[in-house]
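Just the one chain here, laid out as structure tokens, in the form predicted alone.
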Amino acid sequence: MRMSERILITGAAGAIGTMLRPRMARPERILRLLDIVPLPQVQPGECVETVEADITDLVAIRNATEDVDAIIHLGGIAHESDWNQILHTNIHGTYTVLEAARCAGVPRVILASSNHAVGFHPYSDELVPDYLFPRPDTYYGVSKAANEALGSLYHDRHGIDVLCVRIGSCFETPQDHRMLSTWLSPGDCAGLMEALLGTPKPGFRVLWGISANTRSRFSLNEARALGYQPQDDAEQYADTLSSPSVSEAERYIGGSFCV
């Protein structure tokens, strides 16, 4: 009987994957890190397995899902690109991960969605709700909306628990004035992933991934209901950021992606 849980993280060499690696390490947990590029060398005592594979390769991803308890799917193009690349890597890649999870009997998949899935919604006086209808601002945003739809399908048809996290802006510190609202700190990102891994029978969910920012314009009702307890606030960095220039894009959730 296997005593340790095994979590597969795709896109593990990327910015968020790199931040999560040390923060999600546990003695009783094996992190299986997958990326198309070589990953940093495993350190002595680190409970880590590394896999170099393309997320669009079903055979390779199916092999990587063997004996996995959950998947955190971060792999893909993390910015706007041409349609064919977005279609192949982000949309087909997510299909591949979900199909591999189905074949391997993986019960839970966390999908990294984005604020850009709903980027062309204008802000209002109300908090941006969970489950806001898709209104993507780019091909990249389209891919995230499509991935949420794929997650819904794989839950309803195949019974996999799928949690779609609409990430705001996950960086070590806020990079601009907009992130005083949208920032997700690395620590809170890890805390959110732990909550989503531990909540019993969540089904299909769409939720915001944002820290407890003073200037946040996003609802955290769904995330909190699943056990998320954010600790960080971007406000501590406010004095280090220049004031924004007024632009039409400030009206929209997607910010400069809407220009």
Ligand code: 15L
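These numbers come from a predicted model, not from an experiment. In case it trips you up, residue 1 is the first one in the sequence shown, and so on.
The same protein has a further form, the form predicted together with this ligand, not shown here; the description that follows concerns it.
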Residue within 4.5 Å of this ligand in the model of the complex by heavy atom, from L74, V118, M179, V106, is M179
From L150, A78, V128, V142: within 4.5 Å of this ligand in the model of the complex by heavy atoms is A78
- Going by a heavy atom distance of 4.5 Å, is S185 a contact of this ligand in the model of the complex? no
* Asked: With the partner left out of view, is G168 within 4.5 angstroms of this ligand in the model of the complex by any non-hydrogen atom?
  -> yes
Legend entry - S114, heavy atom within 4.5 angstroms of this ligand in the model of the complex: yes
Among 96-104, 171-179, 119-127, 157-165, the stretch whose residues bring a heavy atom within 4.5 Å of this ligand in the model of the complex is 171-179
